[in-house]
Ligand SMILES: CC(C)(COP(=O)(O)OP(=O)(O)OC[C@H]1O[C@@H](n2cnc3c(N)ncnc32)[C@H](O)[C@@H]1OP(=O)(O)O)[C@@H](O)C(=O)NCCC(=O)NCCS
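The form predicted alone is given below as one chain in structure tokens.
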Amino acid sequence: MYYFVEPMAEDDIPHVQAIESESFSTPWSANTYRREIRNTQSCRYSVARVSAAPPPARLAPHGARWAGLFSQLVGVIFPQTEVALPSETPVVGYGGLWLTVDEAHITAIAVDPRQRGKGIGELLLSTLVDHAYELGALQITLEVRVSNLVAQRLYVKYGFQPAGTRKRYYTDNGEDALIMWTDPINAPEYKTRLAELRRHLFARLRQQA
């Protein structure tokens, strides 16, 4: 199977909400998503899709916006030998971020529970890092449940480090949130780390495809 990412469209919102309802206890309204994806000055939202065939050609312009190594490797993993129809590429995950001054705040990453463990969450996170670059962010931050060790390991892998907690941040059970930050993402050390992580991720995705 092929997994790929494209910008979230309004038609994707019901599918995103279905995944959200299985992942979070306080889902957003459809109007909130519409407002977010229309705010292209300071927001970026993407969906991950799955396909039995290489991604459709209509995704090429989005892929071309990926910077550096990401854009170079897309064509290697997803050769345009045949085209999948949009109806055959269901949404299996999504993610988004906001820009506040020069800080990108990841608002959500979620993957369909039936598709977890395949690198989709990492693909979305890597895409959000590119979105942070596009928006001119210098660092990236997020909150994650203190009990969500799987997500924390992924974030640490991508250079996020704990920087405090928000007490009783989650309203469903009063759980604390761990605040995590990256080092400056324009630093050569971070870019080198990101390039190496993407090589491993793309090798994994290519093997699955």
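All residue numbers refer to positions in the sequence shown, first residue = 1. This is a predicted model, so every value here is computed, not measured.
From this point on, the text means the form predicted in complex with the ligand, which you will not see here.
message: Even though the partner isn't displayed, in the predicted bound form is Val47 close enough to the ligand, meaning a heavy atom within 4.5 Å?
response: No.
- prompt: Looking at the partner-bound form in the predicted bound form, is Ala177 within 4.5 Å of the ligand by any heavy atom?
  reply: The answer is no: Ala177 has no heavy atom within 4.5 Å of the ligand.
field: Exercise: Gly117 in contact with the ligand in the predicted bound form, heavy atom 4.5 Å
entry: Within the cut-off, so yes.
Touches the ligand in the predicted bound form: Glu36 (any heavy atom, 4.5 Å): No, no contact at 4.5 Å.
Heavy atom within 4.5 Å of the ligand in the predicted bound form - the one residue of Ala53, Leu154, Val146, Cys43 that qualifies: Looking at the other structure, the residue within range turns out to be Leu154.
Neighbours of the ligand in the predicted bound form among 15-41 [non-hydrogen atom within 4.5 angstroms]: Counting only heavy atoms within 4.5 Å of the ligand in the predicted bound form, the contacting residues of 15-41 are Ser23, Phe24.
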